[in-house]
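Only one chain comes next, encoded as structure tokens, the form predicted on its own.
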């Protein structure tokens, strides 16, 4: 199964390359620009893949509010360019979307969004990714559109940290952190996301899937679990989201669950706390007595 991974140097891209092994061909932005439709078609004709995984995204959520044209060029038009070029070579396409296609006002905790839930994005990033989903589905019948959330991975993200890494750093350095309690999500370990993506591709699955580690938590609970597992004593201060503090509005409840995965016979991702413990061990972030 020859697979092209667009964005192979990113956090998710690196775990995908590990999960896919020797048959994966990694492409960085220097190799392919998804906004260049002609260039994308040329690369895919040269490579003749069985699958193309597109992790390219403009995902700086607040910056998307300032530059919606770029957000749509990458997250929507760029996604369509890749999907269309893949279809021209009879390849399947994987497109990663986001929990930010949902809003969640008034939705009760433990009532996660499924694939049949109606999207209601709050910000430009979510709107652009939702547009990308629709365009990919229209451009290539062999599509896997995968929504995930709260990614953290073996490779440190381009921000220079993952959320658990940041919490460990602040906990050890400052001894106190302030984290919001009124935003809930389903945090996801990219190692697990990459492995399940591989399995779905091997089964030639297609359609829309929610892939997150099982369960949900607030960012406060995510931080609290990180400190508990890492063995760090921290003074935690719960706080509420201040509307207008950031340019982009964040959804208060964007936890995801899958109705589609069971039909494929593919196992769900492990619970989020179990995945977090594996990650913290792998990164060497757990205190030793």
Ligand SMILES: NC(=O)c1ccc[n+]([C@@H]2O[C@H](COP(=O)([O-])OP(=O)(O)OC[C@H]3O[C@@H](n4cnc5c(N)ncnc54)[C@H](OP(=O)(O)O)[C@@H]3O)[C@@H](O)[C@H]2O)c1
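Positions refer to the first chain, counted from 1. Because the structure is predicted, anything quoted here is derived from the model rather than measured.
The form predicted in complex with this ligand exists for this protein as well; it is not shown, and the discussion that follows is about that form.
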In the model of the complex, which of the listed residues (64, 34, 223, 44) lies with a heavy atom within 4.5 Å of this ligand?
34
Answer key, this ligand contact in the model of the complex at 4.5 Å (heavy atoms) among 196, 162, 140, 98: the residue is 98
Of 164 to 172, 85 to 93, 116 to 124, 146 to 154, which is the one stretch near this ligand in the model of the complex, taking non-hydrogen atoms within 4.5 angstroms as near?
146 to 154
Could you confirm whether residue 59 comes within 4.5 Å of this ligand in the model of the complex, counting heavy atoms only?
yes
4.5 angstroms heavy atom contact with this ligand in the model of the complex for residue 12
yes
With heavy atoms only and a cut-off of 4.5 Å, decide whether residue 130 touches this ligand in the model of the complex.
no
Residue 258 near this ligand in the model of the complex, any heavy atom under 4.5 Å?
no
